[in-house]
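There is one chain below, alone, in structure tokens, taken in the form predicted on its own.
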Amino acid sequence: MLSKAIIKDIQSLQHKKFRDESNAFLAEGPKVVKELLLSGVFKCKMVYALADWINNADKKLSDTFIDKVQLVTPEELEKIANYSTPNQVVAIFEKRKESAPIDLKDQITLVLDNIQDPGNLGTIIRTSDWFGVKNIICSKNTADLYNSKVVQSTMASLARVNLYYTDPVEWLKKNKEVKVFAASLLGEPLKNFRGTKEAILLIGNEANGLSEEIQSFAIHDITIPRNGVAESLNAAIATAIILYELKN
């Protein structure tokens, strides 16, 4: 049985302040929890699961994490889960330690400027994983990668894509050897850049686009041709289309 203190501690991880203080985050659901456990990227602190999940877990999971697993009731799981329909298991992981220096050679690297919607960030991470993008540079006012909505929407891709929170202006100043593209409503047709092997791609805020200072680093503004009358595209959708074209 979970004590009130433990429940409160787990619930606190829904807030960035407490995630930072405890250096931990939550993951929910069989698929996400299983993939994060098997990845070995994030150290598991504790798993809280229903009997069905424990009884049906892969033998590798059972053998490796048996001492980390605690049986809970559906009522307890509902209290510690972020979503109204908890799905068998909630796990607490330690945040990833600082990754090695970024290798930009023969890579498409994303720079995100103030992407505030957690769902958008999670989708961008998952899309990056699909297209083989290994590194994402995030402005410090971009959504927290350990936000529960981000973690869930990545479907465990955050174990395979590195995110770095820093000042993108200073970072771009130090990496001038790689050509920089900016996603823009006004720019050169995206098809002109198919087959790009190495570049930095700037993606701006959902409502306001890129800041002028970050935009100034781009040698090419690139645009997705518009056939209809919508004002703009969702940042995550735009990222997916651009990566598809660049990688095509």
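The first residue of the sequence shown is number 1, and the count goes up from there. Please read these numbers as outputs of a predicted model, since none were measured by experiment.
There is another form of this protein, the form predicted together with another copy of the chain, and it is not shown here; the text below is about that form.
Is it the case in the model of the complex that 131, 160 and 224 each bring at least one heavy atom within 4.5 Å of another copy of the chain?
Answer is yes for this spot.
Listed range touching another copy of the chain, judged in the model of the complex by heavy atoms within 4.5 Å, from 39-47, 188-196, 58-66, 209-217
Of the options given, it is 188-196.
Check residue 10 for me: does it contact another copy of the chain in the model of the complex (non-hydrogen atoms, 4.5 angstroms)?
Residue-level check for residue 10: no, no contact with another copy of the chain.
Contact with another copy of the chain in the model of the complex for residue 179, defined as at least one heavy atom pair within 4.5 Å: yes or no?
No.
Is there a heavy atom of residue 14 no more than 4.5 Å from a heavy atom of another copy of the chain in the model of the complex?
Answer no; every heavy atom of residue 14 is more than 4.5 Å from another copy of the chain in the model of the complex.
Look up in the model of the complex whether residue 23 has a non-hydrogen atom within 4.5 angstroms of another copy of the chain, and give yes or no.
Outside the cut-off, so no.
Taking heavy atoms and a 4.5 Å limit, what residues of 213-248 are near another copy of the chain in the model of the complex?
If the 4.5 Å heavy-atom criterion is applied to another copy of the chain in the model of the complex, 213-248 yields 224, 225, 226, 227, 228, 229, 230, 231, 232, 233, 234, 236, 237, 240, 241, 244, 245, 247, 248.
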